[in-house]
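The form predicted on its own is given below as one chain in structure tokens.
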């Protein structure tokens, strides 16, 4: 059964931080909590970064966009806005209502407050862009068939997904390079997160980090061809997933 991931303003910590920074040029601590990692903090100004401040993987992904583009989990619009300025037709979507408001105020023409997995959300794109560990939006590895089924409804034949992710194996490797993980605990790249900003605490959510070989296997099982476009400096990579005609 489909359960919407859409947030309301009262449970939107990241959107609250984005809106405050957009309006004041300042922001407090955007805290990131997980049962797997120590508490971390996300830089809010980084969510407004220019292409010149992006990672090589992000810049490569943006250079590989073609046709109509869907920017998934667009946040403050740091990818959608420069693509629009380059002349692309871009639709930016996010589950955060306050992020959607900021993107609209920044001048992004087509913005929607929608969950990617909403059965009513169907269109026809040439490129689906999923950056900043974009595989995370899938949530769990057993949701990959549902994800690829959804992508077939969103992409034109021959259309592409440009997605970055990271292989978390480095967290579990010992000095000999062997993996020290509990094989009964599920896939090692499944992580739970919760975000807090000032007095706003968001819902817990699942986030999927996936190694390229596992991603490629599931892609081939679901009618897509996977290509490793570029590797990053620390177990991260950019993949192209092409819908087979």
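Positions refer to the first chain, counted from 1. In this text the structure is predicted, and so the values were computed from the model without any measurement.
We do not show the form predicted in complex with S-adenosyl-L-homocysteine, though everything after this point is about it.
Comment: S-adenosyl-L-homocysteine is not present in this chain, but in the predicted complex one of 108, 162, 98, 74 has a heavy atom within 4.5 Å of it, namely 74. Between the options 132, 168, 83, 141, the residue in contact with S-adenosyl-L-homocysteine in the predicted complex by a heavy atom within 4.5 angstroms is 132.
In the predicted complex, at least one heavy atom of residue 78 sits within 4.5 Å of a heavy atom of S-adenosyl-L-homocysteine. Put simply, residue 49 is close to S-adenosyl-L-homocysteine in the predicted complex: some heavy atom of it is within 4.5 Å.
Mapping the unseen interface onto this chain, residue 115 counts among the residues with a heavy atom inside 4.5 Å of S-adenosyl-L-homocysteine in the predicted complex. None of the heavy atoms of residue 102 is located within 4.5 Å of S-adenosyl-L-homocysteine in the predicted complex. Taken together, the three residues 151, 216 and 238 lack any non-hydrogen atom within 4.5 angstroms of S-adenosyl-L-homocysteine in the predicted complex. Heavy atoms within 4.5 Å of S-adenosyl-L-homocysteine in the predicted complex belong, among the stretches 25-33, 61-69, 41-49, 208-216, to residues of 41-49.
Contacts to S-adenosyl-L-homocysteine in the predicted complex (heavy atom within 4.5 Å) from stretch 7-25: 14 only.
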